[in-house]
Structures are given as structure tokens and as C-alpha cells.
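Given as C-alpha cells, the chain that follows is alone and in the form predicted alone.
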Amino acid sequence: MANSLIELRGVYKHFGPLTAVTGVDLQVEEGELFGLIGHNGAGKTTLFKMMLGLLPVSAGEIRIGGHAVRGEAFRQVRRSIGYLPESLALYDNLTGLETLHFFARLKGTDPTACTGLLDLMGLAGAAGQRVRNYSKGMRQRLGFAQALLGSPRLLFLDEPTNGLDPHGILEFYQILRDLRRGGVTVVLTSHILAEIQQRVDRLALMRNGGIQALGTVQSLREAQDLPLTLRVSFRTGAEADLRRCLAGQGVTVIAIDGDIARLECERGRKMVLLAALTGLGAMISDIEVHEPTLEDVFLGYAEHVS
């Protein structure tokens, strides 16, 4: 990729006899929102830490912005990277503002931006409160604020919505959208697959230290060839006509409850089925077609391996 910001080639990580990351090849484009998903222990956090230079690779190479991680030139590159770990250690006796000032000094960034970041995170009213009095969601917002210190061009976010309520999650992704419009590249992990399936450009599914699948959500759906689900609303008394229509269409009737039918069909037969259903005219009042969720895709790959 001509615009690859992150490149991993044959990356391994060994902890004694344990291999945590196994031969990972990966490229992330500049300006991309890239997701890493996988079960606990799949190697996501270890891969994060190697890309950040916090852990040395056992074999292979990682380059960010064309520079080898842990090389001398990477010191300057690291200044343009923000990182939110899954569990950020905070000092309970410091206030929110003091906490950001502390991280600003560590990063060598301008502390005058701290007040604005607290305001962006909805923490302006709690800037003078001790962190010990912060809720889990407030701590997570504070952690996100420290990741944004120095206006990074690359963000690594490990389970960034932990502890956030639904409104907080929406605000978080709105901030990410604004950052991406400014050219920021984002790599994130999340256990909440429904939360990211409409938001990532591409994702990698990790399993046992390696990348099992890579692509857009739609391309991974199509690769699994999982069935589509249809919810069909029909006129009262038209069930027999509906069943006759479905006969021979290769459709699985999951359930018919009142005047609602739930069906499954192969992806390749969708248009044939829709044509047959619309042929019933006024007997059909509505048809909803549902793609497999990212969770369905994830479980499909897991079952394929097992």
C-alpha cells in the first residue's frame, strides 16, 4: 500500500516457551479506522505494545511512518502517537487537571491544551476533583484525554469504551470521526463487536496470536457466506399463500408468529426470494433484510477453525 502508515512483516513475540504473536503481516493505511478483534489472549494487546515499542519483537519487523519501531528515528515518531491502554493507572490524589498536566510533562507537550481536552471529554466541571471521586466512565474519558495530548497523528486505543454509558460511547465515536476528518489514523480493539461493525474501515480477526481474517466487515461476511435473515410482515390470513410461495425457494422458515415470518436464505438467493415475495403483492406489507452481525462473523470463523 502506497499510503501505509503501519507495516508489520513476519512479526513474532515469544515469552519463553509461549508464543503470543505468530507471524503477523499487516498494513494499516494513513487515515484509516482499523479494528482488532479476538478472544481474550488472542494477542491483540501484545501486538499493540510491540507497535508502540513497549515490547521488543522476537522476530520480524514493524515500521511506522517508514521508521523501524525501537530504532533511533522512532523516538521522534513516538511523539505523534497517542495510546490509551485497557487499564490506565491514574493517581487518585491528583485532580483531573493535575493528571493531564502530569502526562503532558511526561510527553513533553504543551500543558495549556489540558483544559480544552477536559472540556472536550465533558470533564470541565470535574477538573478540580480528585480522581478518586471519578466514576469508571469519567476515568475512561480522562484516559482518552491523555491519549490526545500533543495532537497525535496516530492513536492506539485498547478497549476505549470500557465503562462508558451509551451516550458516552456515541460522543467517543463522534470525537473519533472529527479526528479522522483531520487525518488521524486510529487502531482500536473492542470486545463489543456490535459497537464497531458500522464504524471501522477494516478489521483483523486475531486467533492464537495470528491473523485469521482481514478485510472490511462486508468482505468478511461474504467470505463466510453466512445466511441472510429476513423479517416478512404479511396480511392476516395469507400464511398459506406465503408458505406456498416459499416452497422450493431454498428458504429456512425460522418461525411464523402471527403475521410475522422470520426466514433464512443463502446470500446468492436473496434477489430470487425477494422477487417471489413481492410477487404476492398486497399480501406482503413489509420485508426487512438483515446481514449477519460482526458477532455472527466472528463466531463463524471460530467454528470454522474448531
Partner chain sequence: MNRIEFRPIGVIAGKEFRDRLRNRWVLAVACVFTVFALVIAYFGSAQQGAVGWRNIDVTIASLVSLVIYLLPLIALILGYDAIVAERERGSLDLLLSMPITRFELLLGKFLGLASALGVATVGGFGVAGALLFYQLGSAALYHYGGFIASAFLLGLAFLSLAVMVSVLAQDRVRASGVAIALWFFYVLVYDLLLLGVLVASAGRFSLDFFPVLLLLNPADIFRILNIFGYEDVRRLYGLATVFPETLANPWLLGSVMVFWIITPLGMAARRFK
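Just so we're clear, the structure is a prediction, and the values are computed from it rather than from any experiment. Numbering follows the first chain given and starts at 1.
Keep in mind that the form predicted together with the partner chain is missing from the display, and what follows is about it.
Participant: If contact means any heavy atom within 4.5 Å, which of 174-182, 209-217, 87-95, 192-200 contacts the partner chain in the model of the complex?
Facilitator: After filtering at 4.5 Å, what remains is 87-95.
Participant: Is residue 54 near the partner chain? Define near as a heavy atom within 4.5 Å, in the model of the complex.
Facilitator: Answer yes; at least one heavy atom of residue 54 falls within 4.5 Å of the partner chain in the model of the complex.
Participant: Flag residue 170 as yes or no: does it have a non-hydrogen atom within 4.5 angstroms of any non-hydrogen atom of the partner chain in the model of the complex?
Facilitator: Residue 170 lies outside the contact set for the partner chain.
Participant: Answer yes if any heavy atom of residue 231 is within 4.5 Å of a heavy atom of the partner chain in the model of the complex; otherwise answer no.
Facilitator: No.
Participant: Heavy atoms within 4.5 Å of the partner chain in the model of the complex: does residue 105 have any?
Facilitator: Although the partner chain is absent here, residue 105 would touch it in the model of the complex, with heavy atoms inside 4.5 Å.
Participant: Report yes if all three of 67, 151 and 153 come within 4.5 Å of the partner chain in the model of the complex by some heavy atom, otherwise no.
Facilitator: No, because 67, 151 and 153 lack any heavy atom that approaches the partner chain to within 4.5 Å in the model of the complex.
Participant: Could you check which residue among 262, 270, 39, 49 gets a heavy atom within 4.5 Å of the partner chain in the model of the complex?
Facilitator: Looking at the other structure, the residue within range turns out to be 49.
Participant: To verify the annotation, which of these, 165, 72, 110, 225, has a non-hydrogen atom within 4.5 Å of the partner chain in the model of the complex?
Facilitator: It is 72 that has a heavy atom within 4.5 Å of the partner.
Participant: If you apply a 4.5 angstroms heavy atom cut-off, which residues in 121-160 are near the partner chain in the model of the complex?
Facilitator: Heavy-atom contacts within 4.5 Å come from 130, 146.
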